[in-house]
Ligand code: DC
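One chain is shown next in structure tokens, namely the form predicted alone.
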């Protein structure tokens, strides 16, 4: 007996999504392997526990795959596992030496990087638009790497501040790049940014470092070095990147590009609430003025300014919750992969 494996994902837990994805997966497996009905001995589906609205085995039966036993099981919850995923084991009486093709579609392509294309998602947008939060959720749902590009620039900014160097002084900043030691590690499901061996994940989120990062990222030498590192990572594995110029400069050939934005006062309010929760005393109007200033600074810098790629999907988050934003973006991705 030979087993052919397959998997797919759905954008949301609804009957229509499940029916369409199951049919597409089965049609793909049968077409790629030139299967005949007589060669099939059974179907075994498994689905993640976040799928409730419809049964994949029933969907298979209703789309014509009803000539062999159909079984299904719910998978146990696995920390960091792929969300809204349907897997399939197809039992056949094919000869074991026959070269079979396993089919992984949509978000499930990340489960078999050896036979699936690399999935790169680029998210751009101004400060406070929610792109980093969205990027982390997408990475978790698709079980791929989240590369916090902003953290790399923030670490550079922190380095300059600690050395007493003006982040706007391009010549002096270029001088510290050869000795700059920035690394990113992933532990316990979280990204940790290290500067000279020290975990600075919290330190780089301070307001002074944010402004320094904006200034330091405008220097050509800094961006060249960072972009080179980011491209190498994206070339080797599926990942989500967020920043100001991911879709225009870092990964211009990324298949999926999104520009996440929101009204400046909405973004200032989000940042205000975040800082208040940390116990920091800040003035809303001052914070709003800083965000407007940073928008202008990021948009007008000479090298790789903040801008929306021509082929990016614009998502305004002013009146949307994070879950709504993620669902909207995943809907676009699911329609294409």
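Residue numbers count along the first chain shown, from 1. Note that the structure is a prediction, hence the values are computed from the model and not measured.
The same protein also exists as the form predicted together with 2'-deoxycytidine-5'-monophosphate (DC); that form is not shown, yet it is the one meant from here on.
Contact annotation: of the candidates 234, 108, 213, 173, the single residue with a non-hydrogen atom within 4.5 angstroms of 2'-deoxycytidine-5'-monophosphate (DC) in the predicted bound form is 213. Three-residue candidate spot 136, 257 and 330; no residue lies within 4.5 angstroms of 2'-deoxycytidine-5'-monophosphate (DC) in the predicted bound form by any non-hydrogen atom.
In the predicted bound form, 2'-deoxycytidine-5'-monophosphate (DC) lies within 4.5 Å of some heavy atom of residue 149. Although the partner is absent from this view, residue 243 contacts 2'-deoxycytidine-5'-monophosphate (DC) in the predicted bound form, with a non-hydrogen atom inside 4.5 angstroms. Interface membership of residue 142, defined by any non-hydrogen atom within 4.5 Å of 2'-deoxycytidine-5'-monophosphate (DC) in the predicted bound form, is ruled out.
2'-deoxycytidine-5'-monophosphate (DC) is not drawn, but in the predicted bound form it has no heavy atom within 4.5 Å of residue 192.
Partner contacts here mean any heavy atom within 4.5 Å of 2'-deoxycytidine-5'-monophosphate (DC) in the predicted bound form, and among 214 to 222, 192 to 200, 260 to 268, 99 to 107 they occur only in 214 to 222.
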